[in-house]
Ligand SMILES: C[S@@+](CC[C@H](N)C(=O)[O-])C[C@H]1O[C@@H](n2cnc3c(N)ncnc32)[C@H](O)[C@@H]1O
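Quick setup: one chain, the form predicted alone, written in structure tokens, and binding and motion questions come after.
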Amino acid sequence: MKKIVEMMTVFSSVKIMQKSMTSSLDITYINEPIKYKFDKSKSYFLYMHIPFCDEFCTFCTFHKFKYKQSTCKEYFKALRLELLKAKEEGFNFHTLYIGGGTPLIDEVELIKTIELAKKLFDIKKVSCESTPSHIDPKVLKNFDGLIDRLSIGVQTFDDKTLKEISRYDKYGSSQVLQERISNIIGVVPVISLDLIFNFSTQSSQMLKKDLEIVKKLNPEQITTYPLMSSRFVNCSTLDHLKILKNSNEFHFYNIIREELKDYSLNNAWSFSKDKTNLCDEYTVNNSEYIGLGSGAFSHINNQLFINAYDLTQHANLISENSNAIIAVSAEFEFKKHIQYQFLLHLFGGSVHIERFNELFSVSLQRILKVELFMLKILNAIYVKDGKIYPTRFGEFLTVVMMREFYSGMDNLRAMLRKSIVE
């Protein structure tokens, strides 16, 4: 009976998030330049997107292009101009996250761009993504004082799975990956290794082996993402329940939590030797952020703003305007905005009720009365000392809902890629 209740709860959570994503992300393309309305006294989080890869991974849905040196260098020039335009508009940023794509694909251009960002703004921390093929210790030493955290997408150390997801030939065997990573531990202040769980052929023992290897490598952070999938989209209720029944997700999640019990929890799928706010899920600690670069998203004033996906259009817009925005969402409904923020805070470990109410000018207990009641009945949350905490099952629910949120964003990216001029 307990298994059935858990399964139905996960099913309902997925459907709620899918419905919310579909209705909230009503995107309108714009033909005239627009400007952000923002508080110039605030310091914001900055995301920069580098959309180039040497090779494409089969499971990756992020915005990217096949790497070409000349195109990449022109893009970085446009990105630096975009930084200058943001400064002219009056923005200030405290933290920079660089994603992709493969940000380290041209280290010379990346160094010049980070240096400019730190010169223009009060950026104290820089986090950057990388693939295993771009972690040469000699190269990384050039980023001393520029990158504080490097997130490496390993995904798995199982050779069979690496072959199945077309990463074995691109990035090397499990042994090669381990050697590359061991050589750069300590070169960057914080190394984060990313794993994916719930591959179709993954067993409990395979997951435990992945976790055993990553702990032995001893990085400062470990992130364990569930496999992102659009398998529930346009899926009947019966088929959906069949998928959930045969899923090992919750079992795998419990294995992860047990194997990493000696680590601090940054959020429901990120673990550190020491508690930190510098991790991949920057939206948890930053309700508003600005995205620069092709395909980057910004969230400010309860709306989503989207930059041009086409590289030529991105460069032209930045040259002519203060930003490269091509589309904007409708203003999110207030209750949906509160539901989303509640999810983010719960995913982050707890919801401080009084602070949440002050931050969003709301009574959480009143506006989410039904949701809180249901979560308590399902033993997904509990209240202690003015905070709402997730139970283990509640943590897993936030993981499921965050997965569906990112899947919804993937669908949006797929739609926006149609704007690229071939």
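Because the structure is a prediction, the values reported are computed rather than measured. Heads up: residue numbers just count along the shown sequence, starting at 1.
The form predicted together with this ligand is left out here; the points below concern that form.
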| item | value |
| --- | --- |
| Proximity to this ligand in the predicted complex (heavy atom, within 4.5 Å), stretch among 193 to 201, 71 to 79, 347 to 355, 320 to 328 | 193 to 201 |
| Any non-hydrogen atom of Gln155 within 4.5 angstroms of this ligand in the predicted complex | yes |
| Phe62: touches this ligand in the predicted complex, heavy atom cutoff 4.5 angstroms | yes |
| Any non-hydrogen atom of Leu227 within 4.5 angstroms of this ligand in the predicted complex | yes |
| Partner contact for Gly293 in the predicted complex: this ligand, 4.5 angstroms, heavy atom | no |
| Option touching this ligand, based on a heavy atom within 4.5 Å in the predicted complex, out of Asn267, Gln221, Ser298, Ser130 | Ser130 |
| Interface residues of 158 to 178 toward this ligand, as seen in the predicted complex [heavy atoms, 4.5 Å] | Arg167 |
